[in-house]
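Here you get one chain, nothing else, as structure tokens; it is the form predicted on its own.
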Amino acid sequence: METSNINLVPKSLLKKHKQRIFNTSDKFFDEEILIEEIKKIVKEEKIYLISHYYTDPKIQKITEELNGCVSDSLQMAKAGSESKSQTIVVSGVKFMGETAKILSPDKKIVMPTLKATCSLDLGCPANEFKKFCEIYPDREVVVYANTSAKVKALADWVVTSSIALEVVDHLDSEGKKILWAPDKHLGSYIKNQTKADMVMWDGACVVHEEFKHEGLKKLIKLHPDAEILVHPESPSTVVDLADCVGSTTQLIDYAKKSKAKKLIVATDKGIFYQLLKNNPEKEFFEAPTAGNGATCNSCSMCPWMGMNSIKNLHDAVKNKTNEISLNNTIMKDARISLNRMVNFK
């Protein structure tokens, strides 16, 4: 391997921080130094940090220490629009940065990486979705937040998992038929709960679709006193075993209030930072993502969320790299459906 361009760390520093040194792009970085510089720049330049519950615990911790927002997609969207800062750094996946830009078009929105996407977003291309909508012109188009700005621009409503059930129930009460996209598992859960007339796009989350019914039943046998927390993007056979079905925020809130000392959790493992921090006296177990004949693609961790790192967060804060840029017409159209989401009560 070529080594001539490597910036060597002084031996004294290497000895002091040897547990925190890691290699990225053929250069050595001290993580603690990067974290301190992130904090310094954010304070001096009045940058606002927003991070999702599924990002690296270190990123969540930094965001909290700097009075930023660590939350689910709905609160991330609201926080960005309510912030007085003119520069916002969004740690998560690309649609979250796009949402922040749509709701705050005059602010500079940057991300640690623009390569972090989402299987639901990838599985719902705007041009194909538009053709799907044209088949059902009489239906209210409701799309999950995990979609591109172009798809949101085609929708009547954008929802997150924390309000999706309530929004569909509201629309159903008005006699409206629903076209839902893109997550079929969340859509099926909502349809079963509300009995609304829904047609659904065939999409799924690469993380939540891997939770296994039989594996979860076996884990429950090992911990019969545990309560089961499941995100509704999971298959219905897993949802059926849950004591609580909800968004990341709803699962976190439930865990705080639960009297159970053991909880099994079926969602991205990034949530465990918040669960353990808020409930140090409780035990949390990851729901199984493997079983007979199963192939684990994500192992309960979103590979795109994992692309957010201390190194590229530092780059975003220092150099304002990876700025979100969107077509004005798309932003204008998408803002209508997104405003319905953030203003829904």
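Please read these numbers as outputs of a predicted model, since none were measured by experiment. Residue indices: 1-based, along the sequence shown.
Omitted here: the form predicted together with a small molecule. The next part is about that form.
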{"property": "Interface membership of E140, the small molecule in the model of the complex, 4.5 Å heavy atom rule", "result": "no"}
{"property": "Residue contact check: Y48 to the small molecule in the model of the complex, 4.5 Å heavy atom", "result": "no"}
{"property": "Interface membership of E233, the small molecule in the model of the complex, 4.5 Å heavy atom rule", "result": "yes"}
{"property": "Touches the small molecule in the model of the complex: D172 (any heavy atom, 4.5 Å)", "result": "no"}
{"property": "Heavy atom within 4.5 Å of the small molecule in the model of the complex - the one residue of T248, T113, S148, Q274 that qualifies", "result": "T248"}
{"property": "Stretch from 311 to 319, 65 to 73, 30 to 38, 277 to 285 whose residues place a heavy atom within 4.5 Å of the small molecule in the model of the complex", "result": "65 to 73"}
